[in-house]
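Let's start with one chain on its own, the form predicted alone, as structure tokens.
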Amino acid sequence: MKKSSKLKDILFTVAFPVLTWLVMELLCLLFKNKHVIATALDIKTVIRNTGITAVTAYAMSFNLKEGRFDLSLGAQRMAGTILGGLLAMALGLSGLWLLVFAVAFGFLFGVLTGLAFISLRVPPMVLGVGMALIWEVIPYLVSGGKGLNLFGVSGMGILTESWFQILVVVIMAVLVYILMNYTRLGYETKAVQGSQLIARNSGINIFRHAVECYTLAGALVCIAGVLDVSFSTQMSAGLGNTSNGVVTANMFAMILGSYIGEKSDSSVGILTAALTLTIFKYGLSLMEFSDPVNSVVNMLIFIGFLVFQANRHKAALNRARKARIELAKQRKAELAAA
């Protein structure tokens, strides 16, 4: 019975990217006479986009699952990546050091954002907007408004290697899995998700826990920034909270990943959801959907999934209610007959 249940869970998880690929393959062949994945470049693009989406979704999940929507993640991503890149270039170091420096800056920005949250006690979304405006200014000033440009810079080739990107994403997935299942952070996360008040009364330091979540989110989102700039070679230093769109665009992957993870684990679910949505978006682009139309289609499906999530338990609840009513009627009839 357990083996059968485990097999069903595996098939449920694998079905999302496989079925998505089959549908998009059929549509691309039907309308454009193209394959979704036909060249090595297609494989690299899918790997890169899956990695960026998955790592960004991991970063969002640390806070969003506990009701804290950190709107400064996009600014942390931009600031950490640009500052890490400028520092690595100034020292004449390789792309690996760019990644290390970006993660270090992400840790720093995450810690400071978390400390601001527990010190100021303002709503997370309000705090996120304010911190985003601050973090955006730093890379703008340091780079003179130019941002980061890796075009023609030697030593950065390792960042574009598919094996390196796969390795980074797998390490992040394993790390998140271990953190959520075998550490104090994971235990506290589950407790806080249930009830923050109960978690605090049980002895959990919810303020320290919040800072830890902000810190990990900052580091992870900077990894996503490095994966992104490794192919685009450029990252602009924008102002006016324009940096958050690239992060919130990946919220669907986090929500869908949590749903898929009910049959396996959240870390596995998010990675599966990232691959699923990447294949879907890539298929739409091959069918020559413009970026705005692509975004609209994805948002419509996202909204539809949220509606499904909000109502998927209603049928079971109605069946349970009817069963209780029928049981009560039977019991009443038995008592009347006695």
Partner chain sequence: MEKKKANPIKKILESRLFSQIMPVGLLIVLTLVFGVITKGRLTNPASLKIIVEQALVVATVSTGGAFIFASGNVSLSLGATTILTATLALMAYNATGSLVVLFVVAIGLGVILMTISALLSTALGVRVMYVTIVMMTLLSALQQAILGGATVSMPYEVVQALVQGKVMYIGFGLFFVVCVVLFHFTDIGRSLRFIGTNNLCAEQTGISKSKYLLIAFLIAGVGCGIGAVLAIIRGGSIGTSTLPSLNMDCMLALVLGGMSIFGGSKSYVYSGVVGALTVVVLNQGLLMAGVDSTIIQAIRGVAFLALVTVSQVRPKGLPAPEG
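Positions refer to the first chain, counted from 1. On a predicted model such as this, the values are computed, not experimentally measured, just so you know.
Below, we turn to the form predicted together with the partner chain, even though it does not appear here.
The stretch that touches the partner chain in the model of the complex, counting heavy atoms within 4.5 Å, is 119-127, out of 155-163, 119-127, 101-109, 86-94. Residue contact check for N49: none of its heavy atoms lie within 4.5 Å of the partner chain in the model of the complex.
Using a 4.5 angstroms threshold between heavy atoms, L300 counts as touching the partner chain in the model of the complex. At the 4.5 Å threshold, heavy atoms of L197 reach the partner chain in the model of the complex.
Using a 4.5 angstroms limit between non-hydrogen atoms, V168 is distant from the partner chain in the model of the complex. Residue in contact with the partner chain in the model of the complex (any heavy atom within 4.5 Å), chosen from I204, A173, L71, L185: L71.
This chain appears without its partner; in the model of the complex, the one residue of A132, L216, I260, V229 with a heavy atom within 4.5 Å of the partner chain is A132. Applying a 4.5 Å heavy atom cutoff to the partner chain in the model of the complex picks out P292, V293, S295, V296, M299, L300 from 282-301, in order along the sequence.
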